[in-house]
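First, one chain by itself: the form predicted on its own, in structure tokens.
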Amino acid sequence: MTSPTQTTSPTPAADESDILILGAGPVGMTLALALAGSAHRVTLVDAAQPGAAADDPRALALSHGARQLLESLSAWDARAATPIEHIHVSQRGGFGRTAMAARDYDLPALGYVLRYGHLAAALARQVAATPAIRLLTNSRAVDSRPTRDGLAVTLQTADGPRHLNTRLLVHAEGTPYDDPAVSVQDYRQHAILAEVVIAEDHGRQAWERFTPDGPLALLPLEQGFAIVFTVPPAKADQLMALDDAAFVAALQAQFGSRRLTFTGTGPRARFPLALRMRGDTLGERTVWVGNTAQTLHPVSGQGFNLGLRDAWELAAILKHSRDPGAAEALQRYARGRQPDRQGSALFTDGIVRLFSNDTAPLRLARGLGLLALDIFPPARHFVAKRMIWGARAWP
């Protein structure tokens, strides 16, 4: 989509919308639903066909704070979610570990694991039941130009071009891979995703196991675990080439603990890991949220929850702004999100750097740090609350 370069007149036949949201994934739908009680006319645009995400089997780790947010929008499907009541954090080949429990915070769970498709379906049902939201599918924005009091946006649809005038354009399409405005820090790691079967009951416990190759996360999902197996690219090639039995054996060796016995695996997928940060999340009557603004390493499961908080806080400001595209309102949003955005990026990046190096001094420092978290509750609670509610311990 071209960036605004000159002022044009509104297209006479254009539709009018106060807020145009590009991307009807969970972040875009959350924003639309959070705005539904306002006076603004909201249009949600998605490039996919209706219901395309309903069968997406990817596992998502949602914090308890995300559950509270989604419940307030009537978009939480408790039957589809597996609670995380305990988290065990350790490093392979070194001492030190820490454990967190939901009961320490008087919560039913620290977080939840559910499939992307289940969350998308729950949000889509609410969008369909909300007359204030107009949904356009099988459409994508190809041009955006300033007008006297907004933006003129051209969509490419199956029926040809469609023109809309809007006072605010929100980008929520997902991770940008070729945007020069986004800085990229390649971690030189790939994540292998799979669902595995275990011999034991998972006990609603998640595991974060740090290894020299990278973090290994085990997230309880239904009767087994969804895993995020982080390794260098060359090792990812080898693991993807293994048959199921050999992959399970490699996973068992990487986990290195006798507390769990892996007995089977489902299909595997892989993707490269990088930190992607947009330098400025604001443009002329334009804002970027969720993965379009920042894409984090999956360690500690911060990125998706951060995107939901982006949507929630943007809606809170826009609902009370007569002009949703006014610079003052958008700048207030950006200032308010800065601590959470930068803090989450620094938190995950620091963990990756600290735990992906196997030198003896760092191994000792990691062990001491994990031990300190275990024996000093205030430090452990600080980390836990950041994971649950973000930099500002929302709500």
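Note that residue numbering begins at 1 and tracks the sequence as displayed. Model, not experiment: these values are computed from the prediction.
The same protein has a further form, the form predicted in complex with a small molecule, not shown here; the description that follows concerns it.
Exactly one of the stretches 325-333, 339-347, 47-55, 31-39 approaches the small molecule in the predicted complex with heavy atoms within 4.5 Å, and it is 47-55. Proximity of L69 to the small molecule in the predicted complex falls outside the 4.5 Å heavy atom cutoff. A residue is said to contact a partner when one of its heavy atoms sits within 4.5 Å of a partner heavy atom; W312 fails this definition for the small molecule in the predicted complex, lying far away. The small molecule in the predicted complex is not approached by Y187, whose heavy atoms all lie more than 4.5 angstroms from it.
The closest non-hydrogen atom of F247 lies beyond 4.5 Å of the small molecule in the predicted complex.
Checking G214, G224, P298, G150 against the small molecule in the predicted complex, a heavy atom within 4.5 Å turns up for just one residue: P298.
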